[in-house]
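A single chain, nothing else alongside it, follows as structure tokens in the form predicted on its own.
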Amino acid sequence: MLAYIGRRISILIVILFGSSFILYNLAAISGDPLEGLRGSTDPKVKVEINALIHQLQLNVPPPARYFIWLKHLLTGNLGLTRSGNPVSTELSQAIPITIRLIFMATLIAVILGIGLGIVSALRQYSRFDYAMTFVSFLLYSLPIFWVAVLLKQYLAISFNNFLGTATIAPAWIAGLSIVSGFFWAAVISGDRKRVFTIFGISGAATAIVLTLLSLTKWFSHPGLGPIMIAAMGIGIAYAVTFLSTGLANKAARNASLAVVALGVVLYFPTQYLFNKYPGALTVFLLACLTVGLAVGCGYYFAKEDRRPVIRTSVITSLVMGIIILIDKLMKTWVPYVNTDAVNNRPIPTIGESNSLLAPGHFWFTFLDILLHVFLPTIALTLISFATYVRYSRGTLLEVMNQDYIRTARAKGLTERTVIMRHAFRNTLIPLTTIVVVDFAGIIGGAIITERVFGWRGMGTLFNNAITNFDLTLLMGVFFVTSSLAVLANLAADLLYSYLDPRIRVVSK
């Protein structure tokens, strides 16, 4: 294995420096940094040209100039941009912004895409399968800039206007109820009578909920409270138990319900700590306490085979923690919206943060960051998750036709066990390699999305480097993104070898 890793690293290093050599020379040959000065009538233009030639070393041939850049790189010096700023400083400012912009979108796209793709495969040729196929191909074909502009118009500008009254129009209630009815009817499916029944019940329930939200002006003063959190927690406990171990596992079900009960009991002490000691450290310590209590509940209720029970209770506790955190952010909504920096327009359309917001208030800052990420995350998720839907569907359909799946069914295992313990795990093997590479690609940024929403991340740096013929900045961006790409490919190879026992790496 060590010999295999050594060979892979050697090959990747050659690829990295070979590609950087080609890119450097192509960029140096195709661009002319002096183009804007050659037609100038300024009497000092020759002095400026000579100074720029000396600064950018344009009198040195591109291949030799590449090795000068490489020498500085190996000593830890990425050079200066044309504006005189260190490239390392530009990268250190852009990388966190890009991670904040795309990390959550990629994570949501992976979870939703794989989940819906698996459900689509299990409901092959059903109404839900046809609906997901249509939606995934539709979203995959939409241009990202068009989606981003629509989101800015309807989820930012129109929603900010809506908050002035916080009253939902009857036409919107009717439309959303119909969409909800179609969605749940497609998900649950069944014969025609059952489909119409589900459509009617889900549509009526949605209409009632939206009407209550409109009458109480909930969107102006949002919140959940312990009763709503308890109701949601019970549903989450049953859902997580069903997916993780099956409802027949009483220990896992009781452990999850116990975690929900502890979350409700500790709701008010948690709110007190949030208000008394606001900060990331408090959130982290409470998260650790949540996981610890979940492990304790799983250990208490499971007398044997504790691992699946503990896993179920931990997942339930994390979801409960997220809901309680969302409730705290909802309580922060009203004072945040009423600040002069926000001025009753909470959904932003541009930038990664509100520069007018007074610093020092943790919850205001946290909510502001989430609201600025909101629209770009939706835009990127809608476009990218369609790929995971189609790929996970095809992979699971292929796995379900394997001999070991038929053997598992012949042994008398339940369908949930066959799918979750055998088919689903093997479906994740090829998907894992794709996810690893995609997560490495997020550091490259999203050029179009960053331009539409006014973010200054890696994509913007790359675009500026091309536009301004800034070769040093271009190579700095390329080195970071390409290094992560080759490391991701190495990690994907090793992870695939680890997950699939049929693969044996023979070191010679």
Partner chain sequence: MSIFTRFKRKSVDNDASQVDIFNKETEGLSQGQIVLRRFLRHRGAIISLGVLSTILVFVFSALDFKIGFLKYHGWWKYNYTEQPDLRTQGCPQYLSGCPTLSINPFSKSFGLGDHPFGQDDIGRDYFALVMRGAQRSILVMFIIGIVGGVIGTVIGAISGFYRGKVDAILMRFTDFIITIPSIIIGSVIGFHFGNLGATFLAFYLGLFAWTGLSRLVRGEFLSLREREFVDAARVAGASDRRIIFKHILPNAVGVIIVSVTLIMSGAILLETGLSYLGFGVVSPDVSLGLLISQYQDSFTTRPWLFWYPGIFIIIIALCVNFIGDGLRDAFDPRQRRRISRKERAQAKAVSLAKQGEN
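What you see is a predicted model, and the numbers here were worked out from it, not measured in a lab. Residue numbers count along the first chain shown, from 1.
Although not depicted, the form predicted in complex with its partner chain is the subject of the following passage.
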*Closest heavy atom of Leu58 to its partner chain in the model of the complex, within 4.5 Å or not?*
no
*Exercise: Phe145 in contact with its partner chain in the model of the complex, heavy atom 4.5 Å*: yes
*Trp172 near its partner chain in the model of the complex, any heavy atom under 4.5 Å?*
no
*So in the model of the complex, does Gly31 come within 4.5 Å of its partner chain, heavy atom to heavy atom?*
yes
*Out of Val209, Leu155, Val149, Ala261, which one falls within 4.5 Å of its partner chain in the model of the complex, going by heavy atoms?*
Val149
*Sort through Asn401, Asn275, Thr165, Ser92 and report the residue having a heavy atom within 4.5 Å of its partner chain in the model of the complex.*
Asn401
*Select, from the options 294-302, 98-106, 415-423, 218-226, the stretch whose residues sit within 4.5 angstroms of its partner chain in the model of the complex by heavy atom distance.*
415-423
*asked:* For a quick check, can you give me the residues of 196-219 that have a heavy atom within 4.5 Å of its partner chain in the model of the complex?
replied: none
